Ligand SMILES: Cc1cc2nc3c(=O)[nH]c(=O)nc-3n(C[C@H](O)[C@H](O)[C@H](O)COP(=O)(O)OP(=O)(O)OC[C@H]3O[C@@H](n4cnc5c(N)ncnc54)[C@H](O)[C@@H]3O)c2cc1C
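Only one chain comes next, encoded as structure tokens, the form predicted on its own.
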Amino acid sequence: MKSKQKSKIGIIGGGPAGIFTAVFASENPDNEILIIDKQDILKTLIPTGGGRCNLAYGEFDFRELVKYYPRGEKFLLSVFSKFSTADTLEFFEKIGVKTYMQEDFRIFPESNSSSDVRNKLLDKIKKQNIKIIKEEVTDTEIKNGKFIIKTKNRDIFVDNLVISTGGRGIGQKLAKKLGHNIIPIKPALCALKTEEMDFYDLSGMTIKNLFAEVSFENKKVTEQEGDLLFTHFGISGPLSYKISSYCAYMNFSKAKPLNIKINLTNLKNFEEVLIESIKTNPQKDILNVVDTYIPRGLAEKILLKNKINPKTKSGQLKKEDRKKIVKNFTEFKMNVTAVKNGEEIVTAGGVDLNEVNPKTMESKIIKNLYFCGEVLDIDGLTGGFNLQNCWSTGYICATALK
């Protein structure tokens, strides 16, 4: 009696999504799994979460979880309904990765080590007899119902092809050649360059939990909250990342900047609070009064920019100068001229979601062709959301292949 011929599955890309696909698809003994990647497997996992590996986010209602994705929200409803945060944590617990949740709901391994997570996943791959081919993929073709994965050294024939090459890999090029529409790739979750030169020497200063209104050509675009980091070229940090993500496809420039207005004090009644502080401390220098509400270096910059002497006794401050302080502290304006290219955490764009079945991750155009992870037009905010996309779409893809 002849043994059943195995189904050969080729996975291009050995990142988080590709590995999850391989691990779960290999649970079917009739599947032969090949991962083809020129890099070391899971190399891209190492820098995530600042080296600590932000595995997931502590939102267990998938309907709420999808709201953290500027692109892909509707598509992920189906995906997360089958594999979401709780499933992610259960999987990692089973392979020996214990986790904890921070106050901000970000979830990390107890070891605070991306390398530890990677090693546990590599151990799982070895146990599942998944074959790794460390070669660069140059092209793909379809011939006689088989996929041909071309590398510089050989042709690899497979029955099913999975493309999981991330946001800036070869995957989009391969998908386009196979007939898929590609949404243009743009940087997301990145630092922003600003027009203002006055604050560049404050590089390294962070202000927590700020609220910002963003507009473009006098039209409101979005409102976002988060920590802001001043840099030598502009701004960075969570607030900058959110703004860049929601504005990824806006054509702002030096001629047409993105306008950001920030309440630096986090107080809605700052004018009342300031008046009371001045009454209480009339002999204090105004700088020593206002630095209670925002960092001293920034406060001094704003005072000088508005031609207010920082050593003015607060009780002698003119009404019009007090009004200037209130306006500039609660409506601090910056003009964004460009994104900081090459340093983005993820990219927006990728394989058009209209051409992929969210229940299987299979192409609607070509049978037995699958996509998962950041090669798709899906991107989330910072906090474990982009890894969750990889875990979940990888699992859905594997389930279909099983």
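The numbering used is simple: start at 1 and walk along the sequence shown. Given the structure is predicted, the values throughout are model-derived calculations rather than measurements.
Heads up, the form predicted in complex with the named molecule isn't pictured, but that's what we're talking about next.
Exactly one of the stretches 323 to 331, 227 to 235, 129 to 137, 78 to 86 approaches the named molecule in the predicted complex with heavy atoms within 4.5 Å, and it is 129 to 137. Residue in contact with the named molecule in the predicted complex (any heavy atom within 4.5 Å), chosen from Pro70, Gly58, Gly49, Pro358: Gly49. This chain is displayed alone, yet in the predicted complex one of Leu287, Ile170, Cys190, Leu298 has a heavy atom within 4.5 Å of the named molecule; that residue is Ile170. At a distance threshold of 4.5 angstroms between non-hydrogen atoms, Ala25 is out of contact with the named molecule in the predicted complex. Interface membership of Leu34, defined by any non-hydrogen atom within 4.5 Å of the named molecule in the predicted complex, is ruled out. Leu387 belongs to the set of residues with a heavy atom inside 4.5 Å of the named molecule in the predicted complex. In the predicted complex, at least one heavy atom of Gly14 sits within 4.5 Å of a heavy atom of the named molecule.
Applying a 4.5 Å heavy atom cutoff to the named molecule in the predicted complex picks out Glu344, Ile345, Val346 from 338 to 368, in order along the sequence.
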